[in-house]
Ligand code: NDP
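Read the single chain below, which is given as structure tokens and is the form predicted alone.
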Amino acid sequence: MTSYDYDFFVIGAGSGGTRAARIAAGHGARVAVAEDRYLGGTCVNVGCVPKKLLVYAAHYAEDFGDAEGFGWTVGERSHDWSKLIANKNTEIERLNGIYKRLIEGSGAHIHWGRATLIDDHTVEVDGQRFTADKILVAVGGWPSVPEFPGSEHIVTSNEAFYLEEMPKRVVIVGGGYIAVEFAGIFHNLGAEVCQLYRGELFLRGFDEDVRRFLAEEMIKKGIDLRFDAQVSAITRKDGADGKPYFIVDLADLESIEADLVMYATGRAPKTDGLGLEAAGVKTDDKGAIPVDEAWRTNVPNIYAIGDVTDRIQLTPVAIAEGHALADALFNPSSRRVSYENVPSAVFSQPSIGTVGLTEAEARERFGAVDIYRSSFRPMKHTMSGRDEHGLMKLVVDRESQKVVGLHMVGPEAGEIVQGFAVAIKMGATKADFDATVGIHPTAAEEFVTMREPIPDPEEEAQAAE
């Protein structure tokens, strides 16, 4: 008989922690989960779920306009931000309830409050102490905001989901997927949007063609996209209507007026105040918890998964890790998590779907590669009249002819790339793509009908010498 209160204590009831708790409890382990904020973590409450709902709302602005080209007469229309947020909140509350039932239905116990490690086998929650044989840290991340004059006036994505009013003028600072997505949301819902990024091109880590293509499409839509832009200060002013607005001063001495300044400049692991030092758990200079291939920290009985490890910050990755870890600890199986060819999407407008290597990564790994690229106007817009284009790109290792990267910018890119991700994961070759009959007329068929690679710039340069 074990002397511990629990076999498995999970700190954090996000997607990864919840999956780990449920699976472990299903295997017969005595499991507890501690949560101090909301069930479902970032994704359900202030991340992918509410963001996708807002993206749906934003798309209607273009859909109404596109309908005219197909014979529809669309009358006067307006958008009620407060209704959107209220309905979004109702859906999130429903999901919170589902998460509660999933955890408790599996036999795990929920302890509400901030969990703190006292030692390597003891956790304190709201003044109560519990011991556990094994402990999992799955606390996720939190928006990271730099300090500068006026930084107290900004909001992050956390607050953006609960704004009482729709702002008319928005400045978004950042170049990651959160900044890009909110730029599209606010723009399509009627705000004047200026997105600032300190680098020369946003979405670092994505394929270069994808980054440039999306920037061009966003600019065409009317978003004021500025690169190599640095904010030096933000000043609050009181407007004639009694509502505050803000002056955003840039390093080049230009100023921008805004009703809302949102920062999406990255997320940091939420490890402060967790008591990791007391338990002997090491963190890196970013506050992330390094783990081995079995998600074990430097303390043998303490594990970490998800965003807190700063490995791949995607909800499905955390869920896969939580499931595999629970199996490994309480019902050893062959379940593993591969970090190769993890598909992802950016719900920008137009959206991005991607899996595998970028062109630059493929060239570094394989040397010679073949690139297949197609830019086209979606069939829908031949009648809607909208000036929006899509991009399809395949990256092929020349020697093996394996498709090692697949990238798309266009409507429903995530839905399309999800299916192709299976083929990439299985090692499909360009010949396999060529042999696949396309579904016509669709955008997706472009991936199986591109026959000629584009000229290789490096080889052309060498031939010209």
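Residue numbers run from 1 along the displayed sequence. Model, not experiment: these values are computed from the prediction.
Quick note: we don't show the form predicted in complex with the named molecule, though the next part is all about it.
- Of the heavy atoms in P290, none are within 4.5 Å of the named molecule in the predicted complex.
- For V173, a non-hydrogen atom is located within 4.5 Å of the named molecule in the predicted complex, even though that partner is not displayed.
- None of the heavy atoms of N96 is located within 4.5 Å of the named molecule in the predicted complex.
- Although the partner is absent from this view, E321 stays clear of the named molecule in the predicted complex, with no non-hydrogen atom inside 4.5 angstroms.
- The single contact residue among T283, T122, S384, Q313, judged by any heavy atom lying within 4.5 Å of the named molecule in the predicted complex, is Q313.
- Checked against the named molecule in the predicted complex, the candidates R236, R129, R204, K243 yield a single residue with a heavy atom inside 4.5 Å, and that residue is R204.
- From the list 178-186, 325-333, 105-113, 270-278, the contact stretch for the named molecule in the predicted complex under a 4.5 Å heavy atom rule is 178-186.
- In the predicted complex, the residues of 345-363 lying within 4.5 Å of the named molecule by at least one heavy atom are, in order, A345, V346, F347.
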